[in-house]
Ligand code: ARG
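The data below hold one chain only, encoded as structure tokens and taken in the form predicted on its own.
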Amino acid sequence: MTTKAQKTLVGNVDSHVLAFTIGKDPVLDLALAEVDCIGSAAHVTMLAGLDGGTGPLFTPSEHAAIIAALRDIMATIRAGKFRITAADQDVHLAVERMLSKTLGPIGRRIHTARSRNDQVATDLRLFAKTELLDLLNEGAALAAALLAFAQRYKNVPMVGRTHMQPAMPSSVGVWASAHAESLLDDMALAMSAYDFNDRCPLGSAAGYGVPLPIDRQLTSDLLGFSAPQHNVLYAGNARGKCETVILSACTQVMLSLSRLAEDLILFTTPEMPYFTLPAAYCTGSSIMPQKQNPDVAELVRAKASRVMGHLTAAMGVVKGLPSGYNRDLQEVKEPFMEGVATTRACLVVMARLVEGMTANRKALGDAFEAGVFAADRALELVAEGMPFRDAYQQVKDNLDALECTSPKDAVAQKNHLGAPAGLDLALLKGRVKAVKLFARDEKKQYYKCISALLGTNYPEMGA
């Protein structure tokens, strides 16, 4: 078998091996290109204040030149002209190549005291930082849409179901705000994932530190992290683990979205036409002219399984790794990015679906039949002094004698905390506001740090 070696910055590699080992990085890493430049800016800024024994590793003019060159590369990225070649292998060497081409020896010194291991770990955490903040805003928007729907139809009676069978009187307000509260709990998990992610691994190098007095606290501060990842080995070992924490939060979001989607599919059928979806968010049939299909909800239901699969794939890669860097971790990048992107896309489309949805009061009212009031009747007998189990049996023995009473009256009688007439939608709206404020403040602080680092107004950068 003949082989052909290809020259790279880290040695000559057989072309087939090179193609196999780089995998999809030249494509996936395009999403990390801008944050790779930002991480390099922080690293060089730190090195510029470091005395290598014969003076600073980078003079003020060299430091300024590198920052300017990194800004130029970022402009190239935003223009869609940035490319990662097979010889580059990944975004890190592509950026280094461009710096070296522009700045010569100065660019070739940028990799001092770091490894691609801590570079990619830092890139992924910077990438995840803004992705999670955007996800929080999108989750809050959907929760707000559900709460607006709940407010609009707060006291409209709706049959509550267990085992998908008619159970007890409830309301549209309870149904919609239940899904909103589920999402708000998911946003709390996403905020916890954000806190987990908010540690800087830069400076851990290959996982064992470097024999130079680098300032890891400084690079962490420059990049807007809350703190450095302390232990240099764990800083590397946490790669993969961090992605699974974020994917776990995404999976919880998708579980909530899938159950909401399932409800919308069921409650828009001709047999249970409780809600009407906006026509623009439904699709037709190629053969049946009358069809308006809930494809958005169906796809969200399916995509929940895909995100769960991404989490399982990532955990499967990480679970058996020994300490230190292993190339297996490259296989976590794609499911991580796809899982986050899918979750965000589903949040956005479901918010629009809910915003355009209406409730059909007549259909909701027509769904009530006498049996729905059985439990309420048993509790009326309890209020008159009968033991509950006796009341239960009496109602059960006389189901044919039950009458269909006023659904509105039944709903109004349930006024305890969280019940149809005891909903505190203002409390839940306050939680939505808190999520939005958290995302706004964190993003504002991050942009402030990066603006100072790059010497420009980030993220606009003069655009």
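Here the structure is a predicted model, which is why all the values come from computation and not from measurement. All residue numbers are counted from 1 along the displayed sequence.
Separately, the form predicted in complex with the named molecule exists; it is not shown, and the next lines address it.
K.L.:
Can you check whether residue 325 is within 4.5 Å of the named molecule in the predicted bound form, heavy atom basis?
P.N.:
Result yes; residue 325 sits at the interface with the named molecule in the predicted bound form.
K.L.:
Given that the partner is absent here, does residue 25 sit within 4.5 Å of the named molecule in the predicted bound form, heavy atoms only?
P.N.:
The answer is yes: residue 25 has a heavy atom within 4.5 Å of the named molecule.
K.L.:
Decide whether residue 117 counts as a contact residue for the named molecule in the predicted bound form under a heavy atom distance cut-off of 4.5 Å.
P.N.:
Taking the distances in the predicted bound form, the answer for residue 117 is yes, it comes within 4.5 Å of the named molecule.
K.L.:
Does residue 330 reach the named molecule in the predicted bound form, with heavy atoms at most 4.5 Å apart?
P.N.:
Result yes; residue 330 sits at the interface with the named molecule in the predicted bound form.
K.L.:
138, 131, 186, 90: which sits within 4.5 Å of the named molecule in the predicted bound form by any heavy atom?
P.N.:
Of the listed residues, the single hit is 90.
K.L.:
Residues in which of 109 to 117, 161 to 169, 274 to 282, 258 to 266 have heavy atoms within 4.5 Å of the named molecule in the predicted bound form?
P.N.:
Single hit among the candidates: 109 to 117.
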